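Here's a solo chain for you in structure tokens, the form predicted on its own.
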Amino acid sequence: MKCTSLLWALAVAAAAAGCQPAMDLPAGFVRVDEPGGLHQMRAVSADGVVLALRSHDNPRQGTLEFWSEAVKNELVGFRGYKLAGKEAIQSQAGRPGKLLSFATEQKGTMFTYMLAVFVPGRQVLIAEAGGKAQAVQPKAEALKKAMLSVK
């Protein structure tokens, strides 16, 4: 009986772990997760570009359009970012999403922030990358590929 209970507990734990959002990291990035932090996954490159993945509940079934506009409005309207681009994307798993690119200047330095939004049912997945523009730009395609790998 104990063996059956243990196997059942392990199966439940494995299933729960499999539900955790994840994405593939580009070469040159190292995970720096913070247990109990805002992100399910966080990584950084040697030149300070950050790549992260977080999820939020979507109990009211907000659509992809709703969440991508809400994120854009927050960053542009309240945080001073400028929208640099917006495109429809599809994850490698076939999930529709929106990729938003932003720019901002802080103390004379330009920063780039990329954000991919996916809405699988009662969850909102946000993959994000950012850093100094001169460090992000050469990595932009690899960062986009990582964001499209969201599982």
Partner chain sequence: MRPMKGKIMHKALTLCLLGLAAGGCAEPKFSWFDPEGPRAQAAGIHLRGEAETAATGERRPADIAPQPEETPHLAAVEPRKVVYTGQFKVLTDEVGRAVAETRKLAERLGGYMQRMTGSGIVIRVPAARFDQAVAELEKMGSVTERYVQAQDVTEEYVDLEIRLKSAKALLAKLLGLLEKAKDVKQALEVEKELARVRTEVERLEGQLNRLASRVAYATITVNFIAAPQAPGELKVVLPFWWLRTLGLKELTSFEGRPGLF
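Predicted, not measured: the structure shown is a model, and the values here were computed from it. Residue numbers count along the first chain shown, from 1.
There is another form of the same protein, the form predicted in complex with the partner chain; it is not shown, and what comes next is about it.
Query raised in the report: Taking heavy atoms only, is residue 29 within 4.5 angstroms of the partner chain in the model of the complex?
Result: Looking in the model of the complex, residue contacts with the partner chain do not include residue 29, since no heavy atom lies within 4.5 Å.
Report task. Spell out, yes or no, whether the shortest heavy atom distance between residue 95 and the partner chain in the model of the complex is within 4.5 Å. Result -> Because no heavy atom of residue 95 falls inside 4.5 Å of the partner chain in the model of the complex, the answer is no.
Query raised in the report: Applying a 4.5 Å heavy atom distance criterion, does residue 56 contact the partner chain in the model of the complex?
Result: Output for residue 56 is yes: heavy atoms within 4.5 Å of the partner chain.
**Report entry** Distance check, residue 38 to the partner chain in the model of the complex, heavy atom within 4.5 Å
**Finding:** Flag for residue 38 set to yes.
Query raised in the report: Judged by heavy atoms and a 4.5 Å cut-off, are 84, 138 and 150 together in contact with the partner chain in the model of the complex?
Result: Result no, not one residue of the spot touches the partner chain.
Report task. For the heavy atom contacts within 4.5 Å of the partner chain in the model of the complex, list the residues of 124 to 138 involved, in sequence order. Result -> Counting only heavy atoms within 4.5 Å of the partner chain in the model of the complex, the contacting residues of 124 to 138 are 124, 126, 128, 129, 130, 131.
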